[in-house]
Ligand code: NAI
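Here you get one chain, nothing else, as structure tokens; it is the form predicted on its own.
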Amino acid sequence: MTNKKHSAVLIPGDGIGPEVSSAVIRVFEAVDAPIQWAEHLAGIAALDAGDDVLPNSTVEAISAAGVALKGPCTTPVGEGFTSVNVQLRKRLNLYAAVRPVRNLNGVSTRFDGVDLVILRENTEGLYSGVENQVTDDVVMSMKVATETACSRMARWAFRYATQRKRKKITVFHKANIMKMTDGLFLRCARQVHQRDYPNIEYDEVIIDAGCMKLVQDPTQFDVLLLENLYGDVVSDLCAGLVGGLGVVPGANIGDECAVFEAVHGSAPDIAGKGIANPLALIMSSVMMLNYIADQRGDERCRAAAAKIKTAYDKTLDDGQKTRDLGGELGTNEFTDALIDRI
């Protein structure tokens, strides 16, 4: 077996980002994952180092490696620089956001049997950032949709569902009001389904009704396909069904590369206190390892991913949890407990 390691960019991020990133490094060492990290900056950490909020060197490194793991980066509210996440998705054309959401043993929630995947178009919609000052007291934000991006995302979603043996895709939309933009998103999904993937069950739900149905019984859904803004909101809603943003991973995937990330914020109020939950970033790193295995055929990565997943499932099942989940462990203590179970 080859001893070659795969290069992966590590962006520690801001706030609690360096702490949870360090946890991932320790876990990867424990399973001997064949990954060589190349650390680069983004966000406030990059600004503090005298660079741009998203340095060209970071983007170029991700392009070269083809894969990255990113901790949370701070985004100012209502002012300041554009979101690092949005910039990364645009510059690297990471058009498919993937958010698996499932119940975890040992994490008590209102619902059992939740096993959802939220797939979100990642480059258009209101997040295109086309905003204008119309008059002194009127501003406008434009929602952008193209047939190219809508069809591309639909094809990706149905291909994903087929590969992962998922049975049903439901599109959440507001085409009853936004007949052109959401209407285009719907038409593209229907076309891809009818032409190429009639084996996958397909459904459409107006998003407000869909959110109600989710909180009534999330087990009636399988894979959700949404445009950008809806996907952002609904993916966080679904995280709340299984314990919060600290227990769900995330990925942003394009044709050439992928960035895996913790989907929670940088939590500056607890940074440096050693109490942050590293699980979301650890789970995202498992997705990264499986992605590398799929793309490059290296089963060492899949084996390492399976070991980590088994270990964190066992850790939670044994009642070893961080404070946000009702436990008492800090960041390092939880990581120690996970490593003990590898």
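In this text, all values refer to a predicted model and were calculated from it rather than measured experimentally. In case it trips you up, residue 1 is the first one in the sequence shown, and so on.
The following text describes the form predicted in complex with this ligand, which does not appear among the structures shown.
Trainee: Report yes if all three of K70, R89 and H264 come within 4.5 Å of this ligand in the predicted complex by some heavy atom, otherwise no.
Mentor: All three within 4.5 Å in the predicted complex.
Trainee: Flag G246 as yes or no: does it have a non-hydrogen atom within 4.5 angstroms of any non-hydrogen atom of this ligand in the predicted complex?
Mentor: Yes, contact at 4.5 Å.
Trainee: In the predicted complex, does E333 come within 4.5 Å of this ligand, counting heavy atoms only?
Mentor: It does not: once this ligand is placed as it appears in the predicted complex, E333 has no heavy atom within 4.5 Å of it.
Trainee: Residue-level question: is A33 within 4.5 Å of this ligand in the predicted complex, judged on heavy atoms?
Mentor: It does not: once this ligand is placed as it appears in the predicted complex, A33 has no heavy atom within 4.5 Å of it.
Trainee: Looking at the partner-bound form in the predicted complex, is D269 within 4.5 Å of this ligand by any heavy atom?
Mentor: D269 belongs to the contact set for this ligand.
Trainee: Looking at heavy atoms inside 4.5 Å, which stretch does this ligand contact in the predicted complex, given the options 48 to 56, 272 to 280, 292 to 300, 312 to 320?
Mentor: Within 4.5 Å of the partner lies stretch 272 to 280.
Trainee: Can you pick the one in T181, N85, T170, T123 that has a heavy atom within 4.5 Å of this ligand in the predicted complex?
Mentor: By the 4.5 Å criterion, the partner-contacting residue is N85.
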